[in-house]
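Next up: just one chain, as structure tokens, the form predicted on its own.
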């Protein structure tokens, strides 16, 4: 699926004076199943999940929002893009859609959002899978610190800035992504509005928003899978192993021959692990 076909699937909903674009595919095998919500990280958007979406949507109602300031959600230069505010947005968005609780599958800063939801909005989370996520003091990485400097907006045109960012992101892959995928991951940011929004997103990255929930991780009671591209240079596997230790009962699942963008390096193993986890834990959750 190319990014234009993916974008054509998106719907839009308003949350106060902001708006969120999202995909909502599949209906689930039975009415007792919670929906599955997939959260992306920085600097990408919901298109990140396009290779695992078909497999998940066959069995589950699957929703993928673009976080505020990302993709085709609101990108105006007038609101906070921190993971604290993104978690509050997801809570409001679920309320707007009438979704009481969901299984979360989340990557990078999306994982930080999901961890905040699981610790601070636990009624929203039925099951949790985090992949190569920010946590503890694992972030922001140097690339994003430099990108988020206010002066970055004046250094080069949007086209040159995003092209350079795309080259830097290739170190997040163990495989060689094709040009269609790479172009799609950064497609929303090739305008000056898109570039500035992405710079503001990077400026909002804040270690404190994961360190402050560290002593709450042991309170997470839902089934949890920590799935990690084991050769990740951006979010090292040692952080994933620590998460799997700190969250009671969490399952640690390293993925070989994969780096940060594990769902694009190894889409079939990732989809298989996700489906297995979601199927097994659906039975467990429904039996409570």
Partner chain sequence: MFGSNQTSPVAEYAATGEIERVYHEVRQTLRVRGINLIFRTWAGHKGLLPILWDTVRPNAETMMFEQSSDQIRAAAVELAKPLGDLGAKQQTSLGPSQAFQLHEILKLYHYINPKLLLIASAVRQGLDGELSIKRYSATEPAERIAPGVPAEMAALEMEDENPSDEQLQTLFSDITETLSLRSINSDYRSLALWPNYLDAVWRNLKPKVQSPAYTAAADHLRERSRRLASELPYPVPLSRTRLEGEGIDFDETLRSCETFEQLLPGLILNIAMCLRDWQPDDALLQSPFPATAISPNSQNDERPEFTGGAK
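Note that the coordinates shown come from a computational prediction; the quantities given were computed from them, not determined experimentally. Residue numbers count along the first chain shown, from 1.
There is another form of this protein, the form predicted in complex with the partner chain, and it is not shown here; the text below is about that form.
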**Report entry** Of 92, 191, 214, 164, the one that lies within 4.5 Å of the partner chain in the model of the complex (heavy atoms)
**Finding:** 191
Query raised in the report: Just one stretch in 201-209, 167-175, 82-90, 153-161 has heavy atoms within 4.5 Å of the partner chain in the model of the complex, so which one is it?
Result: 153-161
Query raised in the report: Mind checking whether each of 61, 101 and 104 has a heavy atom within 4.5 Å of the partner chain in the model of the complex?
Result: no
Query raised in the report: Is there any non-hydrogen atom of residue 281 lying within 4.5 Å of the partner chain in the model of the complex?
Result: no
Query raised in the report: Hey, in the model of the complex, is residue 124 touching the partner chain, heavy atoms inside 4.5 Å?
Result: no
Query raised in the report: Do residue 96 and the partner chain come within 4.5 Å of each other in the model of the complex, heavy atoms counted?
Result: no
Query raised in the report: Can you check whether residue 14 is within 4.5 Å of the partner chain in the model of the complex, heavy atom basis?
Result: yes
Query raised in the report: From first to last in sequence, which residues of 68-107 have any non-hydrogen atom within 4.5 angstroms of the partner chain in the model of the complex?
Result: 72, 75, 76, 78
